[in-house]
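First, one chain by itself: the form predicted on its own, in structure tokens.
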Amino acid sequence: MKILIANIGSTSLKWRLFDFSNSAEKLLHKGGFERVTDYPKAIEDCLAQLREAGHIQSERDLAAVGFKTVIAKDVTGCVRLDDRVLAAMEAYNGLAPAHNPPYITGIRLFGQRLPGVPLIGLFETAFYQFAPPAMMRYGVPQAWHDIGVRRWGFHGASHKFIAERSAQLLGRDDIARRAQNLYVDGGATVVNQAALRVISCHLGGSSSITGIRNGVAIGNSLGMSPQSGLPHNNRVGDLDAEALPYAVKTLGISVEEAQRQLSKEGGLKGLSGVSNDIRDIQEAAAKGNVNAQLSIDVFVSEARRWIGGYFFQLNGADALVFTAGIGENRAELRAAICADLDQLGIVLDPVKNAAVRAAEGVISAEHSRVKVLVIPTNEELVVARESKRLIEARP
């Protein structure tokens, strides 16, 4: 069984092809295009590369095309991407303006090109469907909650992979299996098992932190939309509800312009005044740019705030995991986030931390009560696994 996973951006198409034959999980091919202006051609070129590499003879060799979809009105989990689901995604375009519209367009184009191949979406919100209600509610009137004003949580595929892999590395195969089968078995309480408490830090262009108990998420720093939580590359992160109307009135701008600025000119870009790329910001900070250093300090402070919150909710932690672009590659930011936490049992080994870059490894000191891990995420594999499960359950 071969499953193609398509990662769609507004001007990019990236893919991975997985083979699940003979009970194995094998990555056959990966590739991508940037600065895409002709999506039908990009899809055609993707399929041509797969044929030229000898992985498929035609589209009939594909069991499904999977997508890491973000959010849809009244839809979550792993589902067939039919007209009903696409309409539900369109209904929430405003919550994920950088993600939903290009995905909807791309999915429809894949459907036109591959009419006989199932299209499957694993929604980013799926990992949080079993979180405690108290962790997912806002203090809004019931009517607001009823129309979807609540915490949804995102980066679900990434955090689910961390739940599985961290359990394996910590010798808890029972929890790893539970995390892998979560969408089938549900989030029922585990009995007669020692709890496994993991705090997963997905830090990159878009960042979020999740608390995980026994393979099940208890919450996520991202809330109703991907605009919330930590400051992102150019998205604001958490913001007081009164800030938007105040800025609109005081600056004399429209609500739409305010939203544009918060999603395009906020976050690390807005704080630093330099760039939305952490590498550029760190370089500027090293040269004495005060605002660049401030943006790093705010990012670190917000990460620590969310880690601390989940540390309390979980009554401690067995592991703190760093993943995604910043988490996997920026040892100095990992060190800043973990600084002076020895009283909580978190102690880094500076040598190990400096040595781990874009690779799996333990970076905590031997005497650290909490294991600190770097685990490269594999969201595409999670989407492929769930797509396979859906196909086998509902051919």
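The numbering used is simple: start at 1 and walk along the sequence shown. What you are looking at is a predicted structure, and each value in this text was computed from that prediction instead of being measured.
Below, we refer to the form predicted in complex with a small molecule, which is not included among the displayed structures.
**Q** Indicate whether R330 is a 4.5 Å heavy atom neighbour of the small molecule in the model of the complex.
**A** Close contact exists here: in the model of the complex, R330 approaches the small molecule to within 4.5 Å, heavy atoms only.
**Q** Answer with yes or no whether D277 is in contact with the small molecule in the model of the complex, where contact means some heavy atom within 4.5 Å.
**A** Taking the distances in the model of the complex, the answer for D277 is yes, it comes within 4.5 Å of the small molecule.
**Q** Test of understanding: in the model of the complex, would G204 fall inside 4.5 Å of the small molecule by heavy atoms?
**A** Taking the distances in the model of the complex, the answer for G204 is yes, it comes within 4.5 Å of the small molecule.
**Q** Residue-level question: is I307 within 4.5 Å of the small molecule in the model of the complex, judged on heavy atoms?
**A** Residue-level check for I307: no, no contact with the small molecule.
**Q** If we take heavy atoms and a 4.5 Å cut-off, which stretch out of 173 to 181, 318 to 326, 95 to 103, 283 to 291 is in contact with the small molecule in the model of the complex?
**A** Contact criterion met by 318 to 326 only.
**Q** Looking at R60, R357, H367, K41, which is the one with a non-hydrogen atom within 4.5 Å of the small molecule in the model of the complex?
**A** Checking each option against the small molecule in the model of the complex, the one that comes within 4.5 Å is R357.
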